[in-house]
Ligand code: ATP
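The chain that follows stands alone, in the form predicted on its own, written as C-alpha cells.
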C-alpha cells in the first residue's frame, strides 16, 4: 500500500504539531487515513485528540465550536478549500441513539481505543500519527482495505441501529471505491433497512448525490435495491422492477434507468444529466397500457408524468430549486422527435426555445443516455448526429425573446403602456420569428408590433400565450404519426 506519510499536507502536520507540543495526542482518523492508504486525495481532514474543546480553542488563533459533539473547527490560512477548516474532535464515547442518527449523550474519553470503537466501518477506524508515523489499527481496517471489503466495526446491527445513515454510506463507499460489502454487514443492512426512514431527506439526498456522482452508480443502486434500502431513498424507482417495455427496449424500466444513469457516469457528465437519466422514464409504470392493435406495451404521456414525478421526488429530497426546474424540464422534453429527414428547422428552434439554449446540449446527451440504456450499442447514430447539426444551425437563429431585434423599451417608446401586453407582443413576435428567422429585423418587428398594439387585450393575450413554446396542433399530430411509424412511444 502507498504510505500515508508522504501525502499529508504541511498545514495538517502543523496543526498536529501544535497539539503534540502542548502535550496532547493528535491522530488523523476516518476517511482521510483510508484515502491516503489507497492513494486517493482526501476530501477533508479530521484529527482526534485527548484534548477537550476548550483546550483546543486555546491553542489556535481562529476556531469555532458550534455543536454538541466536541468538534472544533480550526480555521487555517490555506487557499485550498479542503484545508481551509481542519476539524479536531476529542476522543469520545457515545450514549444511546434514540433517533437512529445522533447519540443522546456524548462523553469525552482519554483513550483513542474508545473513539475507534464507535466508528462505522473498519476501513474508517484506522488512526495515523503524522508526527511519529505510527498507525493504530485495532479492527483490521488495513486488511479489509487490502481485501477491498467494507466491514462494520463490531456488531453491524448495533452500528446501524445507532446511525441508520451508515447503511446508505456503505453503499456509497462501495460505489466510490469499488469495494464489496461484507456478508454480515450486508445482512445487518437488510435487517435494519426500515431505520433509514427516520433519516432526514437532506442527509439521504447528500448520500444519493455522491452515489449518483460516483463511477459506479448502477452497481450501488442495484445493491441498495437488493438490500432493501432503495425503497427509503427512491421508492418510485422500484416500481420499474419487472415493468417490461416495448420491442424497442431490451430491459425493464428499472434496469433501463440504471443503465442510462451509468452511461452518464461513464461520460463523466454533470449531476443534472445523471439525475435526468435516472428519472427520465420514472412515469412509465404509471402509464403502461397494452395495445391489442400493436400487440405491444404503450406508454403514452409518460414524458409528462415522468416530469411531474421528477419534480415531486427532487422536492421531497430537498434539492435546490434550480436543479428541480432544470432536471424536470429535461425529463419533460426527452421525447423530442429527432428524425432529421422530416423534422423542420422551425421545430428545432421551438425545442431550443422551450428548454433553453443553455440546456439543449444536456438534452441531447440525455437522449444519448436513453439510447444506450435501451441496449443499443451506438451513442450517436447518423440520425442523431444529423439532428445535432440542425441544432447548431438553429442556434444561429433567434430562439428566445431576448434575441429579438426589438424589446420592451422600444415598444414603450412606440406608445405601448408598460404592463402584460408588452410580454404578449414579444412572445407573439417570437412565434413568427421561430417560423421565419428572416423576419427578425427592426423594420418588420416594429411594423408588426404596431399592428398588434391595436388588438384588444383578450386577442393579444391569446396570441402571446400561443407563442410561448407550444407547437401547433398540426405539428403535434404529425409527430404522433411519425412516432407510431418508427415504434417510438
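Owing to the predicted nature of the structure, the values given are computational and were not obtained by experimental measurement. Residue numbers count along the first chain shown, from 1.
The next section is about a form of this same protein that is not shown, the form predicted together with this ligand.
Residue 34 belongs to the set of residues with a heavy atom inside 4.5 Å of this ligand in the model of the complex. Taking the partner from the other structure, this ligand in the model of the complex has a heavy atom within 4.5 Å of a heavy atom of residue 124.
Proximity of residue 58 to this ligand in the model of the complex falls outside the 4.5 Å heavy atom cutoff.
Mapping the unseen interface onto this chain, residue 446 falls outside it, with no heavy atom inside 4.5 Å of this ligand in the model of the complex.
Only one of 41-49, 455-463, 434-442, 416-424 lies within 4.5 Å of this ligand in the model of the complex by heavy atoms, and it is 41-49. The contact residue chosen from 163, 370, 144, 255 relative to this ligand in the model of the complex is 163, the criterion being a non-hydrogen atom within 4.5 angstroms.
Contact annotation: of the candidates 182, 137, 120, 272, the single residue with a non-hydrogen atom within 4.5 angstroms of this ligand in the model of the complex is 120.
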